[in-house]
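What follows is a single chain, given as structure tokens, in the form predicted alone.
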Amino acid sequence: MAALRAGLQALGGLESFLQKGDQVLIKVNAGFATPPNLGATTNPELLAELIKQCLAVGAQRVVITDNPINDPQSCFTLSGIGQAVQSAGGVLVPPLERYFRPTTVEGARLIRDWPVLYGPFEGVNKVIGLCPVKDHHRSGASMTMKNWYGLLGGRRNIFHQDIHTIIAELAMLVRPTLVILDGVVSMISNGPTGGSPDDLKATGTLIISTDQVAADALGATLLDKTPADLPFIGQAAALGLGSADWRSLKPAQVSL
């Protein structure tokens, strides 16, 4: 977890983003009931370290949530996320039905009067997205903006027909404090579920950013893609949600 510590320090430390007493929500990818070594879900060791660091800089409470595709309890258990949250002192909030409320995103075409997982956000004033870099058979990639898909309730698979637009609209819905894109090992094929270690490749990169569009644009390179290969990146940039030209931001690069 040295990469996380070094990356945050390069941005001025986590204390540059969180203050004492903050209520923090970490949105993980817990979509599938698979073990962590298959790379389909958020790395539990990375999650535990992030929770500990949030608490160390004075966060009052760190909430972790997702609305998985498979049974939530099985997903949180088999992925190791549930145990990581418990061991690190976080609070795991499952996607209970009462936590969803109809939501319309101003200017959106698809997210209109749609159930969104709002309950875990009550009282929260800082949001962090934490997810792996993955191939995706519909969108081309699953990264930080696609990670917000887990906040949608209802029959969200209907949005698969316009997957790039829904991803861009999700970036309109959530303006995170930070995103952390885990490309230490990336799923380069058969995503988003994978199923075999052969689907994974050591890509040795952890991306930490305040700009989720730029994070995804850089993450795309780990899958041997460009932002132009992933229309949702251009759509989000056109909406003013971030920069698709990650190089123009002159990112700090830390080598361990």
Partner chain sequence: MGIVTVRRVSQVFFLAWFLWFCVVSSLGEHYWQLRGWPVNWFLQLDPLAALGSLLASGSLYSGMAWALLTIAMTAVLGRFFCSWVCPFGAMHHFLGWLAGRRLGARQRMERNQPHPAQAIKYYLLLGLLAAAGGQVLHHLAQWPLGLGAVSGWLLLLGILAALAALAVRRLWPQPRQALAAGLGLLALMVGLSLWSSPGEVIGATLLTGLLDPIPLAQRSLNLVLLPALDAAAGQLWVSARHYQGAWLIALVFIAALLMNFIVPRFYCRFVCPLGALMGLLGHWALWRVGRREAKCKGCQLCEVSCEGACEPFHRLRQSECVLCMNCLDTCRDAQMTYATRRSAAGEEPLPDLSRRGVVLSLVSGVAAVPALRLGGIMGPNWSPALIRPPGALAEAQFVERCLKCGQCMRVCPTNVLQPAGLELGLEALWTPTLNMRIGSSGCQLNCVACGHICPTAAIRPITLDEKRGLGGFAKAGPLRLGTAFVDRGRCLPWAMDRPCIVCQENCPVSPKAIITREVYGVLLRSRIKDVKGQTILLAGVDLPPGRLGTGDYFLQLAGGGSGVRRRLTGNGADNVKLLPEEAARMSPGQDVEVVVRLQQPQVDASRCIGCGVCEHECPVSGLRAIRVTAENESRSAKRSLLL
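Numbering follows the first chain given and starts at 1. Just so it is clear, the model here is predicted, and its values are computed rather than measured.
One more form of this protein, predicted together with its partner chain, exists but is not displayed; see below.
The three marked residues, P36, Q53 and R61, fail to reach its partner chain in the predicted complex, with no heavy atom of any inside 4.5 Å. Of the heavy atoms in D229, some are within 4.5 Å of its partner chain in the predicted complex. For the chain shown alone, I69 is a contact residue for its partner chain in the predicted complex, at least one non-hydrogen atom being within 4.5 angstroms. Its partner chain in the predicted complex is not approached by T103, whose heavy atoms all lie more than 4.5 angstroms from it. Contact annotation: T177 falls outside 4.5 Å of its partner chain in the predicted complex, judged by heavy atom distances. Residue heavy atoms within 4.5 Å of its partner chain in the predicted complex occur in exactly one stretch of 169-177, 125-133, 153-161, 112-120, and that stretch is 153-161. In the predicted complex, Q235 is the single residue of 234-252 with at least one heavy atom within 4.5 Å of its partner chain.
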